[in-house]
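To begin, one chain is listed below as structure tokens, in the form predicted on its own.
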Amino acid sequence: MADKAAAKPSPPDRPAPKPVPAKSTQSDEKRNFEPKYNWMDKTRQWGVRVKPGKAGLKLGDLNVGIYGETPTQWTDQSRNPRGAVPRRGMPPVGYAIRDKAGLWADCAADLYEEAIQRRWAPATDVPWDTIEPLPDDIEHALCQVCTELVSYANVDIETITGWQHQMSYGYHEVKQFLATASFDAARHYECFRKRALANGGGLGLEGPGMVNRMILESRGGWTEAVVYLLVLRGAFTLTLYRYLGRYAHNDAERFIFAHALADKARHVTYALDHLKYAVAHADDQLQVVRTLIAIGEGGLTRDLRDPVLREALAVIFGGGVAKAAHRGMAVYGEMMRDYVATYLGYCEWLGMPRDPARLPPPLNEFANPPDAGA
């Protein structure tokens, strides 16, 4: 076997590889290390300096010179930051909202700053250890209300984020504020879900959701969504937070409803300022908003006819089932009168007053004090 192996012919000698000449890197070095720096002259207004004030360098402080120009229509359809030099040949993004009247609110930059400065974390800021056992009827009622509020917050998230990416970059103040609003809504979702599960209860029955569907199916533009989400529903949610805070059972609930109220107040402030701007700067927008309000009232009243939320609130306000029918419903009626008065005040401020007598039932039942007809 060894002889046979030794007898195998050896492979032919391979020719020696030809030497490869050293590749010159002179041209590469010249290309890499002798740049033109021609991008340095690509600026529209050199020498602009922004200065912080007593509250620091705020978003609105950046609106100096050309960087504060917000034209009535933003024709650029790229993601070019406002004030930057556009790059040629960039394919359009195709924003649906390019008119300033379709989203603008003068207060957006200030609301953004407020939202950032007043942020809170439910996991650590809410004093969860102050929650103590409640009677089953009250705990059931509170969990049912939290279930409704979780649903409201989820609709806030989906609606705001669903429209935000369709807004032109030229109006970044609004986009940045709405980013905080969607985060607020996520925080509310988290908080109310935690409260429902933190005291031996749990989530209750899903609400009828007529307003939710109306909000999510808004296709007429962001302004339509604002009317439904932040004016009709927003005023109701604000009032609900206020009353739930008054009838809170512990420091955790007081903290939750107070901070959720402050967050929601920012959202409603933006909504009213936006609608005021839209009505003043867009043709026929006043009549459009009036029509949307009338449609929205119909959807809201269909939800209000469902007894579940009303009964749960009456149990909370009355301190139990035994006093829900009288004391609890009396407070519920007070809350609804406050809501309708707030809503009518918004309409008045926007220049589209509503006749209380022409509100659909049951809203019209709460349009006047209980003894108004006496």
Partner chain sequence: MAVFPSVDWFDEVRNVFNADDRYRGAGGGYCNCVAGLKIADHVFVLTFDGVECSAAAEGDDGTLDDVDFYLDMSAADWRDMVGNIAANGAADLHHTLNTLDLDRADGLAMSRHGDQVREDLFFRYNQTLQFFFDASALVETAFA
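What you are looking at is a predicted structure, and each value in this text was computed from that prediction instead of being measured. Positions refer to the first chain, counted from 1.
This next part talks about the form predicted in complex with the partner chain, which is not shown.
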4.5 Å heavy atom contact, Asp106 to the partner chain in the model of the complex:
no
Is Pro71 part of the interface with the partner chain in the model of the complex - any heavy atom within 4.5 Å?
no
Can you work out whether Ala252 and the partner chain are in contact in the model of the complex, taking contact to mean some heavy atom pair no more than 4.5 Å apart?
no
Quick one: does Glu224 come within 4.5 Å of the partner chain in the model of the complex, counting heavy atoms only?
no
Can you name the residues of 45 to 84 that have a non-hydrogen atom within 4.5 angstroms of the partner chain in the model of the complex?
Lys54, Ala55, Lys58
